[in-house]
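As a starting point, one isolated chain is supplied in structure tokens, in the form predicted on its own.
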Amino acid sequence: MASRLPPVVADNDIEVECLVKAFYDTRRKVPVVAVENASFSVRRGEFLSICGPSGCGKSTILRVLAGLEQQTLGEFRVAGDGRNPAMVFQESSLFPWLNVQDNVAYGLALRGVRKRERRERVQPLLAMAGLAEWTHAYPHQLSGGMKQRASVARALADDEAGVLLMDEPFGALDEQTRVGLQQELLRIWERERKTVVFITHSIEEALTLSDRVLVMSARPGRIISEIDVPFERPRDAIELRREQLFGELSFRIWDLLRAEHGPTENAVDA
């Protein structure tokens, strides 16, 4: 059973112990293990990324933490009062009938926060996300990058959720937009300092954003390495790419994945 209890260690917001997730393949009529014996913790205020090949169980772990799926074996604990963590999905999840301001304030409205208080909470976030001029615009009037910024702002607006789960939120965007949003996320996160678990295929994205990176094997997904990211904050998503150590860490992760998959396998999308 999933545990919704305060973390065992006071400085941790998330603890995962021997997590296993298996599915039944109805077509082949065999069980499939998606995640195998995953154990890790996330410190309060830490930005943790999980990267690995497609199908390795990264998103499955996130969905278990979010309460969207039930683990098969193992336990996890997420700090809080029993509420699910805030989550940002790969595809925009904005409501088309609400404008940007009301989309970002939606969670607050569900909690019964008064309209004036909602506006006071979301306006600084809209400004930080570069959406102040689009407050009354509707999703169909926004670019893909703007929609994702609004989705991030909505998750951050939930001030009762100290944990933010992000499932490849920039994966469908072009590289230039993606790096721009990494820059925005770095800037917003510096202000909010929420605990983040971020799923990505991109090694460079993981190194740009994170304090620590977990690298997973192909299915059944196992955590094969933990990489501490030493770059000081605040960071510049573009300037980081000039750092020799950035290239060395990137190669280290590629080498881990190559060892798992063989030299000819395209282990991960960079």
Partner chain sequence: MTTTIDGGSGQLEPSAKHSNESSAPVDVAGLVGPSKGDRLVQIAGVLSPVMIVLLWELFSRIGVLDARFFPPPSSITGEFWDLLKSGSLIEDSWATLRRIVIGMVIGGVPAIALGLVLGVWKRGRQVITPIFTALYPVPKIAIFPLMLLIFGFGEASKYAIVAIVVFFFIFFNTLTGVLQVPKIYLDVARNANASRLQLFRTVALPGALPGIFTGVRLSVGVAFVVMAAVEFVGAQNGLGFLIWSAWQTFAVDSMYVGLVVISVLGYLCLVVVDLVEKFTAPWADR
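Computed from a prediction, not measured in an experiment: that's the story for all the values here. Positions refer to the first chain, counted from 1.
Here the subject shifts to the form predicted in complex with the partner chain, a form of this protein not shown in this document.
Proximity to the partner chain in the predicted bound form holds for all of A66, A86 and Q183, with the criterion being a heavy atom within 4.5 Å. Of the candidate stretches 117-125, 135-143, 71-79, 188-196, only 135-143 has residues with heavy atoms within 4.5 Å of the partner chain in the predicted bound form. For the chain shown alone, E91 is a contact residue for the partner chain in the predicted bound form, at least one non-hydrogen atom being within 4.5 angstroms.
Contact check for T177: a heavy atom falls within 4.5 Å of the partner chain in the predicted bound form. Interface residue remark: D158 is counted as part of the site for the partner chain in the predicted bound form, having a heavy atom within 4.5 Å.
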